[in-house]
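Okay, so here's just one chain, in structure tokens, the form predicted alone.
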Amino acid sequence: MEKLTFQSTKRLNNKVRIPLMGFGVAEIAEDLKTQVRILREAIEVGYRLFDTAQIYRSERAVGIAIKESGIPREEFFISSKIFDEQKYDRTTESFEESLRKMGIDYIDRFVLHWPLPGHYIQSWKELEKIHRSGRARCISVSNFEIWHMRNLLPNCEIIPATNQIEFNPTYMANEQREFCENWGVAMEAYTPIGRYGRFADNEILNRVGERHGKSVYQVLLRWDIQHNVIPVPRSSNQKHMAQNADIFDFELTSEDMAEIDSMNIDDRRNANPYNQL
């Protein structure tokens, strides 16, 4: 594997480059001032991909933190998602609202947060128009299962750049990842280190971590990257942010990877879009 760093990027299917790891901005704090402080700390650590969403109520904080950082806008990769207002007759209006909240005139990625039944194909067509206008460098989906993709792909002119799904050792979504890889859709992981420390005491992850002198969470994030998945961890603690970023000075062996992969039991812990078409 090529030598990677925290500043490394990967090329998406439309040639736009995205950081190998992002920073999740869901539920980091309730008030704006604290959100901005946390984001400023993440910027200081070196994070440049920020993954927010309309439903997270953190778009305004992302815009403020980036502006206050003094770092040029083009050095960041800003991503946001449209959720229950994605009905196609409001898609463009909601997109423009996101730009206003963040105080920017373009976004690096705009995402359909959920395959809302009866709407996501028309919503996608509206996103294609936004992309062609130059105001969204790429457009993507989240929580799309294989059947959603099969329904969308014949009806779209622009293939999604990424699909953000739940991904961790006990829920690897192997068929879904293979399908997207075959279509050139990059996979991105939310809850890559699990919620509420549920992997902290895992015997396999601790054993692998001990071999490399790394924490369970560092092992998890490195495992993501070696599976060609973009992890988007979140933290409100700057020390933990820095630890999460410190995963580029070691590499998991094929034996390590296989051992962690053996944990997969298709245990989905987040909302299931299974029956949504």
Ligand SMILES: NC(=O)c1ccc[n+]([C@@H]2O[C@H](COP(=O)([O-])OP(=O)(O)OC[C@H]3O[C@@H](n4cnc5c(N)ncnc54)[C@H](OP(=O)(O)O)[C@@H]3O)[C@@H](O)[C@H]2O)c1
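Note that the structure is predicted; figures quoted are calculated from it, not measured. Note that residue numbering follows the sequence shown and begins at 1.
From this point on, the text means the form predicted in complex with this ligand, which you will not see here.
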Q.
Among the candidate stretches 29-37, 60-68, 236-244, 205-213, which one is within 4.5 Å of this ligand in the predicted complex when only heavy atoms are counted?
A. 236-244
**Q.** in the predicted complex, residue 80 touching this ligand (heavy atom, 4.5 Å)
**A.** no
Q. Could you tell me if residue 56 has a non-hydrogen atom within 4.5 Å of this ligand in the predicted complex?
A. yes
Q: Indicate whether this ligand has at least one heavy atom within 4.5 Å of a heavy atom of residue 217 in the predicted complex.
A: yes
Q.
Within 4.5 Å, heavy atoms only: does residue 192 come near this ligand in the predicted complex?
A. yes
Q. Out of 43, 229, 232, 252, which one falls within 4.5 Å of this ligand in the predicted complex, going by heavy atoms?
A. 232
**Q.** in the predicted complex, the one of 98, 91, 140, 143 near this ligand [non-hydrogen atom within 4.5 angstroms]
**A.** 143
Q: Note that this ligand is not shown here; using its position in the predicted complex, name the residues of 4-42 with a heavy atom within 4.5 Å of it, in sequence order.
A: 24, 25, 26
